[in-house]
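To begin, one chain is listed below as structure tokens, in the form predicted on its own.
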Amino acid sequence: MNPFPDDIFTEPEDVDPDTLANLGPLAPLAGVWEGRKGIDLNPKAEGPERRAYLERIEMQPIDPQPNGPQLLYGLRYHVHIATPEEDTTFHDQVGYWLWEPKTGLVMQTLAIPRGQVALAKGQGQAGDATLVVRAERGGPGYGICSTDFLEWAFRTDSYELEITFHADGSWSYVSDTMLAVRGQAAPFRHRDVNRLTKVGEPTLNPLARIARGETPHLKVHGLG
């Protein structure tokens, strides 16, 4: 039995425009972050490769998102990763972190420029010390979609991200992606770990700026 109401059109009223005040378990993620001790374990023809990496993540609040009767608050993020020995991009990723206060639903969307997207799901409430989201290939609602080549050569069967918030305000993560690598009998656990510290504060979302009488600085279609 699904938990959704019969009225799928009516949106919530009296929505608080201040996203930063309504992020629940996502609140500790807002801002700009850097980590300099990341470790990546990835598959190569000659065997697993271990690489150190440098990471920068920017997470900025978006306006509240009504979805029929649902109300979501969230962060738009961009991850950029390089290695200590190279200036070129090692990994790039964009997406959203979303939270539904009514149900505690947490979602992470992600897209990478190798032709792969995913929608991962978890549960959380304000003050949680950890946050876990997961997606599985072929899932009915929260899954993974890849190009034909990735499906053939490096099929992603599952993705799980566990975040731990620390008392000093930093946070760390363990990301496990289970791969079916062509020519290898056993699944490969592609793992990334890092710890990030804040280097910049988040900005207010546009609707919150308007509510405070500020100019939202929109730059869409010549506005602003």
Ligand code: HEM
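From 1 onward, residues are counted along the sequence shown. Note that the structure is predicted; figures quoted are calculated from it, not measured.
If you look for the form predicted in complex with this ligand, you will not find it shown, but the lines that follow are about it.
Can residue 90 be called a contact residue for this ligand in the model of the complex at 4.5 Å between heavy atoms?
So residue 90 counts as contacting this ligand.
Would residue 150 show up as a contact with this ligand in the model of the complex if we use heavy atoms at 4.5 Å?
So residue 150 counts as contacting this ligand.
Heavy atoms within 4.5 Å of this ligand in the model of the complex: does residue 114 have any?
Yes, residue 114 sits close enough to this ligand in the model of the complex that at least one of its heavy atoms falls within 4.5 Å.
Is residue 48 close to this ligand in the model of the complex, meaning a heavy atom pair under 4.5 Å apart or at it?
No.
Using a 4.5 Å heavy atom cut-off, which stretch among 58 to 66, 164 to 172, 22 to 30, 190 to 198 contacts this ligand in the model of the complex?
Contact criterion met by 190 to 198 only.
Contacting member of 98, 133, 110, 71, with respect to this ligand in the model of the complex [4.5 Å, heavy atom]:
Residue within 4.5 Å of the partner: 110.
Listed by sequence position, which residues of 127 to 165 have a non-hydrogen atom within 4.5 angstroms of this ligand in the model of the complex?
150, 154, 156, 159, in sequence order.
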